[in-house]
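In the form predicted on its own, a lone chain appears below as structure tokens.
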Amino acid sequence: MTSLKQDEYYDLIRGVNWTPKYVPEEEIFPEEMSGSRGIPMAQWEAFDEPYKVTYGDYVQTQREKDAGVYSVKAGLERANYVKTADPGWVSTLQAHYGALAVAEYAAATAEARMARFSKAPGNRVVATFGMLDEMRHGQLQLFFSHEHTRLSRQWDWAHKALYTNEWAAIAARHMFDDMMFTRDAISTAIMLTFAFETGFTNMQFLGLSADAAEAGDHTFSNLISSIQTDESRHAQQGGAILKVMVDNGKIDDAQHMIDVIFWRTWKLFSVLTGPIMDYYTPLEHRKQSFKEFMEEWIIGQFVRQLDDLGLKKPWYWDTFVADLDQAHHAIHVGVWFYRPTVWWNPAAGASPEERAWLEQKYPGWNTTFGRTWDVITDNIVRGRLNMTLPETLPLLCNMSNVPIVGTPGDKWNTKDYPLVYEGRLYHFGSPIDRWCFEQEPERYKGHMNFIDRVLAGLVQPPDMAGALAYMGLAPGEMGEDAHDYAWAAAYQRKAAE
């Protein structure tokens, strides 16, 4: 029997649709779930994803990917890399798995919504593959991290983190819930697969994969590279959806969704990816600074995609670019200082050599963030470790759910941007966070970040001990300095001299 080539039949089978006879179209695709925005079904049929794959090819390719990933893992198991790895890199793995493994699995729900309710038949087909992708990603990362639970209870947080009331987990859930579980199919396609996956996960997985390879962690490098090949395929759903919207006069709606979720995603990645790349990764294995990765993947490639679609950069772009020099540095200081409140051991990244690298990559770092580390270092050198640990709790943003921070020293710019809505006072870390809230206050009102819960009496006693208990952090799980303050040895020698 003669076999047809894929390009001879793909568009036909991928674009299969039907005209309902027994129920109205609006019952099959209710607007609150489909989000078609009045665009006729015939227009949604113009959906055309660049990366085309059939089910047979998909299964074969995924089988080969899994065989490769598990083979590398099995081949390198005897090396026991994690036992000998730099503690900062171990913290990188623990933070990554805890923040993303379960979230990846949960993303299958978002893909399933598109697979069922999108009016674009091509979107439904690709989202079905995307649903399988996300289940694979969650399973892989939970499996790969599980073998290390015998080394430390912190590894168990790969599965546990997003089910707890730990402050960073609350922040992650709030954004993922907004983007993946409470939007219609079209909004999910734009927010999740375009703004989040095309924009930011490329950097998290490809950038981190490069650092992992440099650090000698070929198991992790191979794992997340394999995951990213899936992401790069199903992430193209958002671009194809945006084209349909732009062609049908919905460009303002599309732009608005990108503006909201881009900022929300940036705030979360400034907590996760920024410190990992600039502080946790061993100095000799850093491929680029976090800012350089952002300039390549966001300012470069992501903006080109916006231009190609006829969309604009978010209205706050200049603020975002300026934030690349400060946000993650400020968050890193806070996470390190509040290290008992996270499930990994933050690496200070403040040795003389590392400070020189930071000054090179971020001119002026020593006179701003470096001055904060001067105080911390002096307390360590003088044996006052108690002064490097928290006794009070910070003010959190009611949009991003992370601490409100800024640049220390002479450039001090930390500021609260409050808003009263329906009698409740909300606090925001920037005018953009407040703007995001104001777009859909009914969606966001009532949510309580960690500090709101303390003030509401949910955390008892309302102090650090009560906070740690509420977060579910037990001894052996609370973060400590990754290198046990070995980085301060050079400063101690200098003080002794």
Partner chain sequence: MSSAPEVLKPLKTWSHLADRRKRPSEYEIVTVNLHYRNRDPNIPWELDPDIPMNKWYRKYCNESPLKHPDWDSFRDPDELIYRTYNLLQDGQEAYVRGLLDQFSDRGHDQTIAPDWLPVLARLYAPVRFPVHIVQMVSCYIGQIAPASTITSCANFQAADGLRWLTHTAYRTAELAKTHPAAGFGKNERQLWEEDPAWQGFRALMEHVLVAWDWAEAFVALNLVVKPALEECVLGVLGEQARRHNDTLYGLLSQAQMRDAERHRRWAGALIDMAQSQEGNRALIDGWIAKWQPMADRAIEAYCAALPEAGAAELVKTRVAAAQAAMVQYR
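Take the two forms, superpose them, and find the largest set of C-alpha atoms that agree within 1.5 Å; that set is the rigid core. Positions refer to the first chain, counted from 1. Treat the numbers as computed from the prediction; the structure is a model and nothing was measured.
Although it is not shown, the form predicted together with its partner chain is what the next lines describe.
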Requested in this report: Taking 4.5 Å between heavy atoms as the contact cutoff, choose which of 431, 40, 446, 466 touches its partner chain in the model of the complex.
Outcome: 446
Report task. Counting non-hydrogen atoms within 4.5 angstroms of its partner chain in the model of the complex, say which of 402, 261, 102, 242 makes the cut. Result -> 102
Requested in this report: Specify the contacting stretch among 249-257, 352-360, 103-111, 82-90, defined as having any heavy atom within 4.5 Å of its partner chain in the model of the complex.
Outcome: 103-111
Query raised in the report: Can any non-hydrogen atom of residue 28 be found within 4.5 angstroms of its partner chain in the model of the complex?
Result: yes
Requested in this report: May I ask you to check whether residue 128 falls inside a 4.5 Å heavy atom distance of its partner chain in the model of the complex?
Outcome: yes
Report task. Mark residue 132 yes when one of its heavy atoms lies within 4.5 Å of a heavy atom of its partner chain in the model of the complex, and no otherwise. Result -> yes
Query raised in the report: residue 170 near its partner chain in the model of the complex, any heavy atom under 4.5 Å?
Result: yes
Query - Residues of 16-46 having any heavy atom within 4.5 Å of its partner chain in the model of the complex, listed in sequence order - result: 16, 17, 18, 19, 20, 21, 22, 23, 27, 28, 29, 30, 32, 33, 45
Query raised in the report: C-alpha of residue 14: shift of 2 angstroms or more between this form and the one not shown, rigid core aligned?
Result: yes
